[in-house]
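Below, in structure tokens: the form predicted on its own, a single chain.
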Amino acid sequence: MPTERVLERVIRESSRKLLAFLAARSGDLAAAEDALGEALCAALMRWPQSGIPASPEAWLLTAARRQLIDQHRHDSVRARAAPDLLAAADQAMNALDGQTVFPDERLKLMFVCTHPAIDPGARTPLMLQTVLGLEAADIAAAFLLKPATMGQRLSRAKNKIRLARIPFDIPEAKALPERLEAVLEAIYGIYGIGWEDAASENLPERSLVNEALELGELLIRLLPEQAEPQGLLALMRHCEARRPTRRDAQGRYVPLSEQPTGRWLKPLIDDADRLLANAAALQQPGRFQLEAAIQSVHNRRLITGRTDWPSIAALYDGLASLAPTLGVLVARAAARAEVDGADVGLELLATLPKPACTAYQPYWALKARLLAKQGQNEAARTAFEEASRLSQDAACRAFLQQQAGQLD
């Protein structure tokens, strides 16, 4: 394997863990980012010529330590943080010399980002940058903000962490529910960002989907007595079990109802159901457990050969009362249409807020399908075209255009 490819993998797999480790021990996220950024630049320049070191993490920490020394000499602002960061680097290198598994403290970073002292509008962007390494410009585009505005928001949040001395730790029991919910939402958001890319057979070695699954596993190990992390991981694994069938051999989109169940990954389904049972035993009902239960019912088609729509509709009724998001309400309308008919589904869609639905692709896709069932071909064609226009995925666009064409 070329050195450059190995280098990319090492940086991709280790850099965020190193950042979390350094930041957790210094309390200064910005200083840790600066030092580690310089270390990564040095690695990009030197490793292709000198080769990959035996312990890449230790090499990067050494380089970061040198950068901190330079900061200490030339930057009075960073000088106060340098001693703590140098001590953290020394501690990490000693651990690596003893063959200790390098600690993964990315979840501590996520909990720091959800602290009440952090502006709510900066929490999710901060998690996306610090835990995933996304660029501020990309995050700004996702939140429909100017890159400069997002950059300022992230800088203020990092300064707040340092000045308020926010601890890099798991919150106390009384503060855990609200902050845990934000972390769960962020992990599921990461999974959602990577979901469309996961349809490709040419996945990178560590996609956003893999990051989300890994963070879900870490959260369960960290909080084994909390039910919702197990519900979240069950949900993601149920969805992952169907990934091989989301595209056919020619790369065309395949809707869930037409996916061949023989290619679903049964070990993932079994593991997801085990997690769901563990969560139920804790008697802490929540949104992610309900969503996982819905996907579990879908995946039972592997065994029964049919979809139990009444159970799915009932679960969506419960989920809508607990978390009435637009996505949940549209999915509930789809389930109710399967049980009670297209008329009922369209009536439920008609109750949704029009401004929110205007740019929501699943709304238009479902509306088109239900109108087509009613024989309203012209209205259905218009809805299919709108759903196609809003779709970011080329295979999905082609499928919707095909559906509209069949109305002729």
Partner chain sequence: MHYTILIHETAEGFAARSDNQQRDAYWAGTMAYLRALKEAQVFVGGAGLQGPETSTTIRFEQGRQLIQDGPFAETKEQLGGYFIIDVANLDAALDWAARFPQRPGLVVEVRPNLPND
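It should be emphasised that the depicted structure is a prediction, and the values quoted were computed from it without experimental measurement. Residue numbers count along the first chain shown, from 1.
Although it is not shown, the form predicted in complex with its partner chain is what the next lines describe.
Stretch in contact, per heavy atom within 4.5 angstroms of its partner chain in the model of the complex, of 228-236, 273-281, 166-174, 150-158:
Stretch with heavy atoms near the partner: 166-174.
Could you check which residue among Leu222, Ala137, Ala323, Ala117 gets a heavy atom within 4.5 Å of its partner chain in the model of the complex?
Filtering the options by heavy-atom distance leaves Ala117.
Of 388-408, which residues get within 4.5 Å of its partner chain in the model of the complex if you count heavy atoms?
Contacting residues: none.
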